[in-house]
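Quick heads-up: it's one chain on its own, the form predicted on its own, in structure tokens.
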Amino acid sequence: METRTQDTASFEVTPWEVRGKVDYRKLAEHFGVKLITESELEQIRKLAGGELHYLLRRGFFFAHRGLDSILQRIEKGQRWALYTGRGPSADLHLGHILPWMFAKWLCDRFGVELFFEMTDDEKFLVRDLPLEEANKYAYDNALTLIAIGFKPEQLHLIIDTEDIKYLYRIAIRVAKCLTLSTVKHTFGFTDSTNVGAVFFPTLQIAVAFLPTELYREETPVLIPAGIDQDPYFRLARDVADRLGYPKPCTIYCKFVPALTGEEKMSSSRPETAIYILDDDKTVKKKIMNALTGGQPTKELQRKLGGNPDVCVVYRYFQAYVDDDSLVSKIYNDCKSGNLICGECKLILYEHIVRLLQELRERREKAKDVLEYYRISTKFR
């Protein structure tokens, strides 16, 4: 769904592309989602035992649909579940794993389970990736997902082309509730769009209702995702009542910016993204070339200070470094001129490369246990 209206003509957000500098407040208003309030953050903090995830503290997760109903279920001790997913590819990058990191915290804090959909079918139907490659990447991306730290009992992995039996009965009910004109309007499909691509949204919607079917009791899901995925779940909420399912709820994060300054890190442009499997030398080169809010020279930086509010490097500190005191120090030292950009980039490099090294080590271990995370291993 495009966001090109009179108020949002400078940017465009769809499930497949983000262009321009996004005004998140205007985007939330246009999509009809609610901004997360301070009172909701405080409620989450209390329910989580006094802790608030840093991505919430720093406003990376900023909007929602129906979050209040999930918080009520937590207070009452009622069942709920998490759901998110990934269109598998060879170029998994740091931006992709941000919702996964947040989901892991939710699993740990609330004892909730995550249903994770690998949409290898969507990559074939919409992105023209050969089906065999898309399926192979689903397994590869799953290694990184497991490497985030999920335990087998926390994570239920769904690969669409292999686990369709869990989704199809739900999907055809969803399909019967949606008209062709609705799907075309929501996703920008045309008469030349292949039929498979038009049907695919029903599968992404189906997973939102799957926990209710598996547990045989009302089990609404909370979906941590980028806000560009909202069109799918808006449709899911539209059809839920007619199908007798609880409305799925969402919590949306902002985009991780590209190293070169664009609004969203892009897999198709290697210079803009840090990939999970980039070696240390490549990561360092990319970070050292990243756009900053610094002055043209060291002398001016020392004299005038920089502007971390427009700095990509500082944004990465906010996204991937949990230590509030360090992030605050980086901000203040940049503003005062006590920290120059080269020094700041090296500090960021140390944190990012440590994160990636840990993920790579855990990926290797995950190869031996991946089957224990498959939904087909647990629900027969």
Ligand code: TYM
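Not measured: the values here are computed from a predicted model. One-based numbering along the sequence shown.
Another form exists, predicted in complex with the ligand; not displayed. Remarks below refer to it.
Student: I'd like to check something about T119: if you look in the model of the complex, is any of its heavy atoms closer than or equal to 4.5 Å to a heavy atom of the ligand?
Tutor: Result yes; T119 sits at the interface with the ligand in the model of the complex.
Student: Should G87 be counted as a contact of the ligand in the model of the complex, where contact means heavy atoms within 4.5 Å?
Tutor: Result yes; G87 sits at the interface with the ligand in the model of the complex.
Student: Y139: heavy atom within 4.5 Å of the ligand in the model of the complex?
Tutor: It does not: once the ligand is placed as it appears in the model of the complex, Y139 has no heavy atom within 4.5 Å of it.
Student: How about E162: is it within 4.5 Å of the ligand in the model of the complex, going by heavy atoms?
Tutor: Because no heavy atom of E162 falls inside 4.5 Å of the ligand in the model of the complex, the answer is no.
Student: What stretch, of 264 to 272, 299 to 307, 105 to 113, 209 to 217, brings heavy atoms to within 4.5 Å of the ligand in the model of the complex?
Tutor: After filtering at 4.5 Å, what remains is 264 to 272.
Student: Just one of P231, G149, P246, G95 has a heavy atom within 4.5 Å of the ligand in the model of the complex. Which one?
Tutor: So the residue touching the ligand in the model of the complex, by this definition, is G95.
Student: Counting only heavy atoms, which residues in 353 to 380 are within 4.5 Å of the ligand in the model of the complex?
Tutor: Not one residue comes within 4.5 Å of the partner.
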